[in-house]
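There is one chain below, alone, in structure tokens, taken in the form predicted on its own.
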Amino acid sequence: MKTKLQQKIDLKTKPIGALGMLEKLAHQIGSIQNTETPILNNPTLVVFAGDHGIANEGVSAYPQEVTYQMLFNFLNEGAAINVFSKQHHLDLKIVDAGVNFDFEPDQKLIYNKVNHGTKSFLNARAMSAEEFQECLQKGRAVVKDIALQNTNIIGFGEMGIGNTSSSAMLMSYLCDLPIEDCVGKGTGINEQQVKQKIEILQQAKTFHGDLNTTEEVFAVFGGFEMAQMCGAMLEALKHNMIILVDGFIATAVFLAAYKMNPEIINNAIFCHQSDEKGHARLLRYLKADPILKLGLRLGEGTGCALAYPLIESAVNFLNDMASFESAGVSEKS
């Protein structure tokens, strides 16, 4: 099938390789679906939200309560992800994975709360092993429900003040890199605050020492929204969905999912390279070629939403563009 796909791509009315990354995307999507005529069904974005105890240690420019305030913004359709999802006709789902706030019943919100935020990993495990496993199962359940809608392409976003710190810790441990190579400005802290953030995270690394498994690293440093996203990604692979990977946090979560099941890399499309310092290095580690580089560092799945029309264009040219033969155009001599 891969050879047939490449032949079909090469025989379109264009010079070979002239559509650049769109050709790679078309080949990848056709390979995932094992067809020369792929389709994108009910594209869906899921935003997981959760609070982090480490946010209270001075690693973020924003207070923890911004997490629940932004969740209200999502539900009221006022955030960037709402705008871009609506613009590109993406189904958007919002999940409370562990926000430190009790929401009133709302049909727009999926209630998956494991706890009211994680513990500070500066001097404790962020979550128990049991909470981590619960998160994986709850994340899987979200995707199982979405799969019933015949969705075959899914992207993931997040909201959680402090989660760039958790992501930096995952990256440091799972890529065996020093903390300073993994830490960026997050929500917009200044250089002095970045230095303080590095010192705090280094203290946490010294406190916890060596950790033996991906699951243990995740439980010690991760967030509930991140762990549910990890379970969701693994379930999306089980359903052979195209998996859209957003920015730094989502890529750190994907790294953990990849360590747990390396096959997931075949279904992953990396939507953008964010402006967060560690993201470019993390993408290189995964040998990933991102579609966009727009200086984004917002999260929410916004990179997925912005990249989606290009992914759609890759499928459309493969299906609808004329070949040299059908158009009666002479090929390269």
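Residue indices: 1-based, along the sequence shown. Please read all numbers here as calculations on a predicted model, not as lab measurements.
Beyond the structure shown, there is the form predicted in complex with another copy of the chain, which is absent from this document and is the topic of what follows.
The shortest heavy atom separation between A79 and another copy of the chain in the predicted complex is within 4.5 Å. Contact check for L11: no non-hydrogen atom falls within 4.5 Å of another copy of the chain in the predicted complex. Using a 4.5 angstroms limit between non-hydrogen atoms, Y285 is distant from another copy of the chain in the predicted complex. The shortest heavy atom separation between T35 and another copy of the chain in the predicted complex exceeds 4.5 Å. With the partner left out here, another copy of the chain still marks one of 252-260, 126-134, 182-190, 212-220 in the predicted complex; by a 4.5 Å heavy atom cut-off that stretch is 182-190. Contacts to another copy of the chain in the predicted complex (heavy atom within 4.5 Å) from stretch 34-67: A61, Y62, P63, E65, V66.
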